[in-house]
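Next up: a single chain in structure tokens, the form predicted on its own.
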Amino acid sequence: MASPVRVRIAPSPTGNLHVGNARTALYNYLFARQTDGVFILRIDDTDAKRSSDEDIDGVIRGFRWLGLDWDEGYAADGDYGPYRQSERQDLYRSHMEKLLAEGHAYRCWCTPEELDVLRKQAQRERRPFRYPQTCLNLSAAERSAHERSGDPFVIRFLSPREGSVDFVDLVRGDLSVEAAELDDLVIVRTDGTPTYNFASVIDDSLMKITHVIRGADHLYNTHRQLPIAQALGFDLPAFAHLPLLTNPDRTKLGKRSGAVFVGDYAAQGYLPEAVVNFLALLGWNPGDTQEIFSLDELVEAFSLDRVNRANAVFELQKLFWLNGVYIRSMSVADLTDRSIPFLADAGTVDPDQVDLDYLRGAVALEQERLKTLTEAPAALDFFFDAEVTPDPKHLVAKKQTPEASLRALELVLTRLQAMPAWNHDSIETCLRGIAAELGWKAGQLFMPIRVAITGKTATPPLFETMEVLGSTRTLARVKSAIEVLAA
């Protein structure tokens, strides 16, 4: 690579950040960082009807949540701006005029209705539709008549008709399409705005992009764009087309498949580190058995020559597993901080008044059990409930009568109230002593206590839970459970 690497991610802001775009952005980011190159964010908003500032904000939030910071581009500095296509219209217009003047493009006055007739005819004849160059072959008088009438027109690129359009893809190798298969595509709409294939070619050249790394769904676009770039006299970037993301049944990953936007996974309690790790492995093979990568480790390990050609299966269970791994490896303080928004949304805690030390103690007990942050409210609610409502049948010890269980809880309350210190060891000594005194197995006694103080049959270890809850909450709940059994 003779010149500094310059790569770009160029999302169309017609919705929040799609996981496919996020994976493409990640690969561009990793390639740029590994080569000491420049990672650029460009907003491809030529489709004004489907683009909005709100959607751009959604895309920006998605990249920032993932930690993919760009060096140049939209909302950043740079020498090749503006980095939003809707603000680059004069540049596109001048290049359009160049193509028209040099005979590489022509005006087309065919109406949508006329084109629809031609498309339907092609369908009936079971052949691909290609524009028949009707307007290219108009006489001077016919063109003049259209111009005098002010008829709306588009600009079409005059695609080559002989030979082939070839390039070497860094992932897929040698690729070729017969020129005769290419259509005279529209490069400027009737309203004067450029289409994707025209604007992208110009921007990639003017922004000095050295490598275009994008999804395999753009392969045909590349074959269509290369003749435009050559007609404009542009140097060509290198291309790498990434495998597409599919569902486990190999169907296209789409909205009907479930969450496909990065913001959805953030809202579902996934960690950005886990999502980045997961996306990196969708189409790239590190060459060994390592599955857990930090972003820095990915930068060091990533290479385009280990990107697969085959489509990558989006297995949500793998992300779920990875997320659990990352949660278990976090510090309690970090996990607590990230859990607070979810706890607040559920009404479990008031973030402005929560006792952080108490919350961290509760989080530490549940950390091993959490797989996503959205599980935190249900896991931690009993720590913050004013009172719990245990099921009476679960307050009865296994193989014991309600009356015996009531007497056992009364004894537990008395002994706990008399403890001089409230900590794990003293609680364990007290409760195991009561079980031995009653002639019960420890588990027989512990389950009714667990249910009494949490309202649940499955919780973190009992003694640690009681220590975190504290004596006041624990004793009050045992007393309430006694009242339930005695009723």
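All residue numbers are counted from 1 along the displayed sequence. Since we're looking at a predicted model, the values are computed, not measured.
Beyond what is shown, the protein has a form predicted in complex with the RNA; the following relates to that form.
Note on the partner interface in the model of the complex: the residue among 100, 330, 177, 138 having a heavy atom within 4.5 angstroms of the RNA is 177. Here is the short version: of 352, 77, 403, 249, the single residue with a heavy atom within 4.5 Å of the RNA in the model of the complex is 249. At a distance of at most 4.5 angstroms from the RNA in the model of the complex, all three residues 306, 443 and 460 contribute at least one non-hydrogen atom. For the RNA in the model of the complex, the listed stretch (389-397, 168-176, 69-77, 335-343) containing residues with heavy atoms inside 4.5 Å is 168-176. Using a 4.5 angstroms threshold between heavy atoms, residue 159 stays clear of the RNA in the model of the complex. Contact check for residue 281: a heavy atom falls within 4.5 Å of the RNA in the model of the complex.
In the model of the complex, no heavy atom of residue 385 sits within 4.5 Å of the RNA.
Among heavy atoms of residue 33, none comes within 4.5 Å of the RNA in the model of the complex.
Shown without its partner, the chain has 368, 369, 371 in segment 339-375 as residues with a non-hydrogen atom within 4.5 angstroms of the RNA in the model of the complex.
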